[in-house]
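So this first bit is one chain, no partners, the form predicted on its own, shown in structure tokens.
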């Protein structure tokens, strides 16, 4: 088993709203704190990865946002221009307008073109060893398999030539579990758990990419045990409720209902966690990040998640 952050390329995915970007930013920060040179890349150019480091918006050109940690946003057109310059030895295109329009037409007509430019850029950074690790805030669960399969799909169609050579070295890195891994972020709720189990199965059957870890985000603490629950139940008896109301000179039912809700939520989510654990390969590491009870997602929150992940990874 290869440690998650000992790999060269880590894709982070998850259902919308589960904290995918939070975990990607935290993993990148943790890797940099380990002394590694890190590139954090968000695939969605309209994303907000920069907010998690409290820095100005990122662009296609990587920029150092923390010591040893560089961040960028994917731009498939810019990736194409870089490919033409570096791989095909073409000069810098002076007028990009016609090429941009042609690219948009080809990308729309030929599925997989944008995906291959996205994945290709990231794998190229690994191949050239510009960074010790590349952490990708990748596409959501519904799209990540198509993105990861793009090099293989093109490799199956194109049998000879430069394009096939390009996809072959991409696949060598993507299919190597010592180099590349996928991290799925979920929350202990029904839909995220369902999507995680489904994605884990699709990843196994449709790709060669290794499932490196599952991060369960927003895990509630166990505030009350069985003993406390029994006390709360006795306090709900009419006589006890009346005495408690008199003692505190105010309604007590709100506090008791809040305690009941906390217990119910904890048990419900624990049930979802049990189903998640039973639905995926038991050898896949499952890392738990507690609920932060914070509305902000700045550097402080990113650091807290990084600390939680460090504890889970034993570092």
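Numbering follows the first chain given and starts at 1. None of the values given here were measured: they were computed from a predicted structure.
Just so you know, the form predicted in complex with a small molecule exists too; it's not on screen, but the next bit is about it.
Comment: 44-52 is the region of 278-286, 44-52, 28-36, 260-268 lying near the small molecule in the predicted bound form, near meaning a non-hydrogen atom within 4.5 Å.
Checking 218, 114, 121, 149 against the small molecule in the predicted bound form, a heavy atom within 4.5 Å turns up for just one residue: 218. Put simply, residue 10 is far from the small molecule in the predicted bound form: not one heavy atom of it is within 4.5 Å.
Under a 4.5 angstroms non-hydrogen atom cutoff, the small molecule in the predicted bound form lacks residue 306 among its neighbouring residues. The small molecule is not shown here, and in the predicted bound form it never comes within 4.5 Å of any heavy atom of residue 57. With a 4.5 Å cutoff on heavy atoms, residue 292 counts as touching the small molecule in the predicted bound form.
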